[in-house]
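Coming up are structure 1 and structure 2: the same protein chain in two forms, each one given alone as structure tokens.
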Structure 1
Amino acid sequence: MLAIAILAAGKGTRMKSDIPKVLQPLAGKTLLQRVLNTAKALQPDRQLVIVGYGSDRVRQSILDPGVEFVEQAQQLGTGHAIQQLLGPLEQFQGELVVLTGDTPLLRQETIQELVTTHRHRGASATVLTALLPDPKGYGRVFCDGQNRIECIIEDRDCTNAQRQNRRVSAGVYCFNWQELAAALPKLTTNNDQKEYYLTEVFNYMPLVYALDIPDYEESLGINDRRQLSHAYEVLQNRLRQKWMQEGVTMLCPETITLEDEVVLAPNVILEPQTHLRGKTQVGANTTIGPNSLIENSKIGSDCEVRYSVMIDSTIGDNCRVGPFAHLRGHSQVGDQCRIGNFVELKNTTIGNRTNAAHLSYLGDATLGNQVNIGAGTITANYDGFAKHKTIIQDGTKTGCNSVLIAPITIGANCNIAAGTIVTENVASNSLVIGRVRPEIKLDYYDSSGKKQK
């Protein structure tokens, strides 16, 4: 059996925040959620999160009923944290993996290899280690030829020769739980911090091994904003490399940001300053950007989205969006549509081959097929108290600067003349003109442009 415990009790004072460190966001997820997702992928029998500072907020952030929470009322060190598991795991038999809630870069494959290697060796404990390019400040892990740990020496206590060793602990462990449970009561506070260190259990275990991570950046923890920024950069590089290998073109990839749940089809082109977030999907042969933000949205194939923002919305195939369009509020656009310059859609559904090319606001509206929205058309959907619906049926055209005051239905094949304000339903096949006749006063100004008496 396999249990995974995640240390998530610390405040993280160097983050300069009242938000618990493990709840700091990183590319759309908290640090803790990233670690939990990795742990869950191993399908453990037990998942335990050790909480302390901000425990209520941490608990509320995790909606998975399979996660057990263990309280560490006082934060007296990593060993003290794991001692809190002696009760919950009293009857447990198997391996315990210990992760920290601030190491979000670990891959599932790495932890799986840690468990597999530990079991193969019949070890008491296996320590995940990394060969850092610059290990200054880290304790060094010394092993024999079989990677059995002989000793761990703090950086300040190393000789010059010992400092040449680049192997350090990643703070991630796999234990034989029964051996660990026997060792935990023996921990002492004979150290400068007067805390219970988990690594002291190695003194009471016969077989402790190291396993080196091929990519040392997986081991990097988050203690301050600089490290959080670096972790974001690492994640972005992983995602960019993944999708470029899948056939996505990225122009100036260092300016493009992605999140884990984004799905891109082959031959997608992402231009500079494009940002894809949440559960976004992009179809084949579509170009996004430059300077576009797409969040929790679905874009069909053979589309162009330029200088625009889409949030919680969907567009079909062969559509053109932008520049400077804004789709939000679960808007849905059909195939072969044009949503053009400075057009905003909010909670609006649009049929196929419908165009809104310029300077329009369409809110709480339903448009049929082959509708043409003239520049400056507005659906006036809010009466000061509630939102109301506008319906425009197939084949209807609105002229420039039309205002449709909801609730209202415009029938099929209608023409709303430019400058018209529509306040009541319109039957199909109608022409609607609602202009005020202009009054022209001749010779109102003299030749110099001054008003004449």
Structure 2
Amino acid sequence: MLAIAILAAGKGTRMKSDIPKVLQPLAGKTLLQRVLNTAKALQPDRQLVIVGYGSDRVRQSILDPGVEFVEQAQQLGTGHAIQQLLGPLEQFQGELVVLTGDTPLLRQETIQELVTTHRHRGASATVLTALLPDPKGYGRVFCDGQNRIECIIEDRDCTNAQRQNRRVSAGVYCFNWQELAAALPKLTTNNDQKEYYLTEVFNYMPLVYALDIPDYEESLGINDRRQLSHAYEVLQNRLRQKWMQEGVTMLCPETITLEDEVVLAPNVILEPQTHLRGKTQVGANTTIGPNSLIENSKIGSDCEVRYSVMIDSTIGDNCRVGPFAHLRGHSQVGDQCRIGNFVELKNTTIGNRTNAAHLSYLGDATLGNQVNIGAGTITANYDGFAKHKTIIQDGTKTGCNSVLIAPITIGANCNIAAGTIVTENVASNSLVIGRVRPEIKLDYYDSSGKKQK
């Protein structure tokens, strides 16, 4: 049997934040959610999260069924936190893996290897360790020649000589639960912080091994904002490498940001300052950027999206979007469309080969195929109380600066003349023109520009 417990009760004082540290966001997910996702991938029999500081918020942040929350009412140290498991795991037999909620870069494969190695050696405990270039703040691991751990000493309890040791504990362990349960009651607070340290249990266990992580970045813990931004950089580098290997071109990759669930087809080109978030998908041969933000959106193949923002929206194949377009609110655009210069779509559905190329707002609208929206066309969808729908059928053209007052339906193959305000439904094949006819006063000025009498 395998149980995984995640330490998530601490406040995270060094973050200088009101929210519990494990709820800090990192590339679209909280630190804790990242650790939990890694844990779940191992399909453990039990998943326990130890909560304390901001307990309600931490519990609410996790929607995964099957997670057991264990309360650590007072945060008296990592050892005290694990002592809270003595009740819930009273009947449990097998291995307990302990993860910390602030170590989000750890890979699932690494934890799997920790468990496998631990079982293979028949150890009492196995500790993930790493050689850090800058080990400041971490517990230092002291081993004999056979990778057996003699002790772990926290940074603040180390002598200057001990502090030179760059081998640290990642705060990730695999325990034989029964041996750990026997050792937990022995913990003391004989240390600089007067806390119950989990690392003290190794003094009471016979066979404790270290397992080195070759990629030390996996072991990085997030205690302050500097480490949070460093972890973001590490995650971004992993994602960029992965997608470049899959055939995506990135210009100035260090300016491009991605999230885990983004899916990119081969031959996608990402130009500088492109940010893809959430469940965004991009089809083959599409170019995005420079300077675009795409969130939870789907973009077809052979598209161009320049200097634009898309949130929760989709576009088909062979579309041109931008510069400076904003698609949001579950807008859906078909194939071969043009959504251009300063056009905003909100909750609007558009067919194929339809263009809205300049300066328009189309909200709560449904447009058919081959519609042409003239510059400055606005759907007036809000009457001050509720939002209303606009329907524009196939082949219709709207003139510049026309205003369509919703709710309204404009039939197919209509022509709305420039400057017209349309307030009622229009049957197909109509011309709609409603303007004040201008008065032209001939010879109003003389040749020097002076007004005539």
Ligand code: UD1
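Rigid core: the largest C-alpha set superposing within 1.5 Å between the two forms. Everything numeric in this text was worked out from a predicted model, so none of it was measured. Sequence positions of structure 1, starting at 1, serve as the residue numbers.
Looking at both copies of this chain, which one is the form predicted in complex with the ligand? It is the second structure that is the form predicted in complex with the ligand.
Using a superposition on the rigid core, decide whether the Cα position of A181 changes by 2 angstroms or more between structure 1 and structure 2. A181 C-alpha, core-superposed: shift of less than 2 Å.
Yes/no, Q146 Cα shift of 2 Å or more between structure 1 and structure 2 with rigid core fixed: Comparing forms between structure 1 and structure 2, the Q146 CA shifts at least 2 Å.
For P135, is the CA shift between structure 1 and structure 2 at least 2 Å following rigid-core superposition? True for P135: a C-alpha shift of 2 Å or more.
Y444: how far does its C-alpha move between structure 1 and structure 2, core aligned, in angstrom? Shift of Y444 at C-alpha, rigid core superposed: 5.9 Å.
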